[in-house]
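First comes one chain, alone, set out as structure tokens in the form predicted alone.
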């Protein structure tokens, strides 16, 4: 029986494998109503009949979680974190229990587990808990009995408090990948409402191409830059444990997109994997900050202490002993950050703090950027020709991101994707 401690990652080679085991995760749109749940049940039975050992992770049905969150805020302006987790964790339990019932009606044995019953142990941070361990004994026992196992995603239990915890948005992806790692699965398949990972959002760019494969590194950048296909934390776990991932459609047969280690590194070509966008962030600017050592450290240490996630940062050149610091953060973190920043403004003697929610981030991602210096310039040219101003720039070895006006983001995605269309085709077609 396998227990993996996620805080201390062991060597991948040391993990026992379970040949024939597949973890299959289905998102909210895939289980949006009872008819869709029955189709998912039939898919799980078909995989079992083909000889696989099947563990499924189901999200809550459709917009169930959103409805539960709405109810929480109707009765409380500031829902208690423990009770909030007790509430929002129920959606996944419903969908998994219903799917298990459907599997029984198809003549197969199935058992549904809550996160805690499945052995998913987390820290004690409500609403944003991290998985620290998977104790998979009950899952192994059910598989040994030839049952299909269903696990409620998005949730676990804190051994420190014995309370139910939730993992935050995208937590079902993280649940599935963590289980695949702990169980030594052959693969973790993520079923969703799209056919795979595309070079851009097909709703904005109808000519976007489906990628046959992407690397962990590329998918990490894409997820961090706004791609909604998989949660960032799940990719981090997959990379750490060497879990092979596949994103595919629940509704249409197809190979989907494989995510894993890069098999054929081509450094001489500007391999572009995609253009992503993110409208979930806001920009904050602190004007007139004293330009002396330790100021930036104090600002961002205070925000980190409140679990505020900072993305892009830029500090302008000092004028008359004062500088301006701008950064982006999730819009959901703004209410947490505002009182901290107001206090810091007074303590530091800064002039003012400005909040701008009407921004968006566009990113160009590709492993070939490492050796192709013209990629960033081409992206900036495409935006300039479309009359789109860049407010902040951030880069990594395989990513270039720009903060722009939110009203221009769809146009930005179109023009940047068009500029790199030939590279995208080369990536897909070889």
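Numbering follows the first chain given and starts at 1. In this text the structure is predicted, and so the values were computed from the model without any measurement.
This next part talks about the form predicted in complex with aspartic acid (ASP), which is not shown.
Looking at residue 169, you'd find a heavy atom of it within 4.5 angstroms of aspartic acid (ASP) in the model of the complex.
At a distance threshold of 4.5 angstroms between non-hydrogen atoms, residue 401 is out of contact with aspartic acid (ASP) in the model of the complex. Under a 4.5 angstroms non-hydrogen atom cutoff, aspartic acid (ASP) in the model of the complex lacks residue 327 among its neighbouring residues. Not displayed here, aspartic acid (ASP) is kept clear of residue 54 by more than 4.5 Å at the level of heavy atoms in the model of the complex. Of the candidate stretches 56-64, 369-377, 35-43, 390-398, only 56-64 has residues whose heavy atoms lie within 4.5 Å of aspartic acid (ASP) in the model of the complex.
Shown without its partner, the chain has 92 as the single residue in segment 91-117 with a non-hydrogen atom within 4.5 angstroms of aspartic acid (ASP) in the model of the complex.
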